[in-house]
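You are given structure tokens for the same protein chain in two forms, set apart as structure 1 and structure 2.
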Structure 1
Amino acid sequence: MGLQGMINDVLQQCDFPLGEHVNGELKKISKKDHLSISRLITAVENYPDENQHWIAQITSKAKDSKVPVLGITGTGGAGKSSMIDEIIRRYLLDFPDKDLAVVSVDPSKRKTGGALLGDRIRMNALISPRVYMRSLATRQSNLALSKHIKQAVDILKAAEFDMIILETSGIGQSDTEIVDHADMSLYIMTPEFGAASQLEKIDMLDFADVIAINKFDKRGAQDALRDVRKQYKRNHELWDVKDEDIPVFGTIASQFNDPGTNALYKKIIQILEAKTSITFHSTVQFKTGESEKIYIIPPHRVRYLSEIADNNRKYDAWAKEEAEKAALLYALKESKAHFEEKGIAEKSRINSTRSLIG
């Protein structure tokens, strides 16, 4: 068969849908068995028609559930996965007795039909046993969510997680699907959205409960924060609200204990409590404030290692130049001594010859 033939054979034998018979898994859902929950979600994806009998039970149970759902969406590359990881980390620290589930949707490529499902690469907090994480593919290239996302969320509600985070794939300017599946929505963007007029085209600025301008250490971040706050005011007609009270936050998700991310997390908990009538009883006081890049190396010394290397190279060049000068001087000195010695000997020989003649 050869190596490629063996690879193809393994893939062919493994390429079959799962989730056809999962009735036994329903008994374990209340125990929050992660494997059983995963199998049920897979069954919804692969055999939705064959499993209608228990899907209806799950849907009925989910209607009475008060589990809050936080929807997170934003442009591709804005840092959604990193932000979710920071929110999870703060949630676990804030509520030692609570758990949560995360559903991340990645886009399927139109050309190949495949999806990377790489969100968990960015999430380090998933290692906690109190966190369940499931990745889904859109299975359609023109949508930000999977068509089975409602059933997946219903399953997690039926499992009675304390909170659910739903993340869409990277979207453009007009996708607002997330608001139909979440109690509150967070829109994540970057300062690099272009001209201020571009903000008029972003639908999520009309619907998002909270907006995060991530990567706030980028150039022009303060201008972006001002422009987005103004646009949010116009969209929601909040003319008399102070800028600092507008739910738009500058964040640096890649920075440990970022004050802007702390303020964003606190606002998320406040809005979830207001919208769902659930009291979370927050126990940790996070330091809040405006995001500012914390430099391990001061900006004016960012190149200090390069400066050391440059200084060493300059010293080496100077030492080599001085060594060449010294070598040349030594050679001239030796040459002079040689000729002087030879001249003295020649003069002595001539004087001896003259004395013999005389």
Structure 2
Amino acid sequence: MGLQGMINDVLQQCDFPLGEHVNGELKKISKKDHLSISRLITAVENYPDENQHWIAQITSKAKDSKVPVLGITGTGGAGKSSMIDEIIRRYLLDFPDKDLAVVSVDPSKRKTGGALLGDRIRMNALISPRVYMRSLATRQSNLALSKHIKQAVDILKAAEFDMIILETSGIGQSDTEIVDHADMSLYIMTPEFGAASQLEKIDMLDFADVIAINKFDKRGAQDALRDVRKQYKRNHELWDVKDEDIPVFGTIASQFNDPGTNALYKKIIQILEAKTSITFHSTVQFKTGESEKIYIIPPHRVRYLSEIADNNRKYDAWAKEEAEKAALLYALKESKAHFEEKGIAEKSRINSTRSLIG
């Protein structure tokens, strides 16, 4: 059978259609009924034509919806999913009565059509019953979102979640698809963008409402922050604005209670309120400020075990040297005593020997 044969068996058993017809799900649609929401999204993804009639209905319902959509985009692996996890965590803490939905898009492989939808791995906050999360494959090449993303978001709006977060797959310098689908957009990059001139090519620096330089624990982070702020000022002609007031944040999404991430979260809520007619009443207090890597072992102490070992070895060497000195001293002392005791007899013997040689 072989591995492929075994997998073929699994796939064959899973190869049945979902979402060809929906019945009842539409009426049941509410943020509490994950099963129905899921099936509706599958329907628009798998059979958009067959489901035309009700999709129009959802679209018009969503048009009047006030549900804010936060779009998150950025380079592959920059930490978009990790940041979403951090945002969800703070959001759930900040608003005990609110819920939210997340849609994360990952690329389909052009060669096989398959996809690794791996964003959930980073999102531990999903365990809350107040969160619905859906992963979508792009199902098209060279684009950061799914063709059906609008309908998927519309379904979530119709279900009346309090907020929607949308994550694109990793993007390049010229991609801005996210801004068409979100009320505000967050661009996540890392300090490793190349030279400062590379920043001039990134379209999202024109369009993003907020920018996070994530992995702020990496080398060159401070320079990156300065350069990106400078570029942001240029793009938006904000020459007189203070650096701290530019919406560019250094963050470490992989660190608990990261001050930069806290500041970013506050800013996101603030901008969402300004851009939509919603008041969130955010009350939660966080320590904000600049992100700084908190080390369990500080950098200058990372070699502490080898320092201890070095010290021990030095001590051993010193002790051995001292022991040798002591041994020598003892030998000399013993010799001296020996001569003193037997001194006279020996002296005469030596003298007589000398005379023989002489």
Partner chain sequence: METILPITAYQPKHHIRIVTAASLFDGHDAAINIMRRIMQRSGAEIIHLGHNRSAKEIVDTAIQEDAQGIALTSYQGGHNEYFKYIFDMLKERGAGHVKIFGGGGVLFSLKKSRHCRIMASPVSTLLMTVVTWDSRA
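Fair warning: this is a prediction, and the values are worked out from it, not measured in the lab. C-alpha atoms forming the largest set that superposes within 1.5 Å between two forms make up the rigid core. One-based numbering along structure 1's sequence throughout.
Between the pair I just shared, point out the form predicted together with the partner chain. Structure 2 is the matching one, since it is the form predicted together with the partner chain.
Rigid core fit then His34 CA moved by 2 Å or more between the two structures: No, its C-alpha moves less than 2 Å.
Under a superposition restricted to the rigid core, does Ala319 display a Cα displacement of 2 angstroms or more between the two structures? It does shift by 2 Å or more.
Yes/no, Lys63 Cα shift of 2 Å or more between the two structures with rigid core fixed: No.
Using the rigid core as the frame, report the C-alpha movement of Leu305 between the two structures, one decimal, in Å. Superposing on the rigid core gives a C-alpha shift of 3.5 Å for Leu305.
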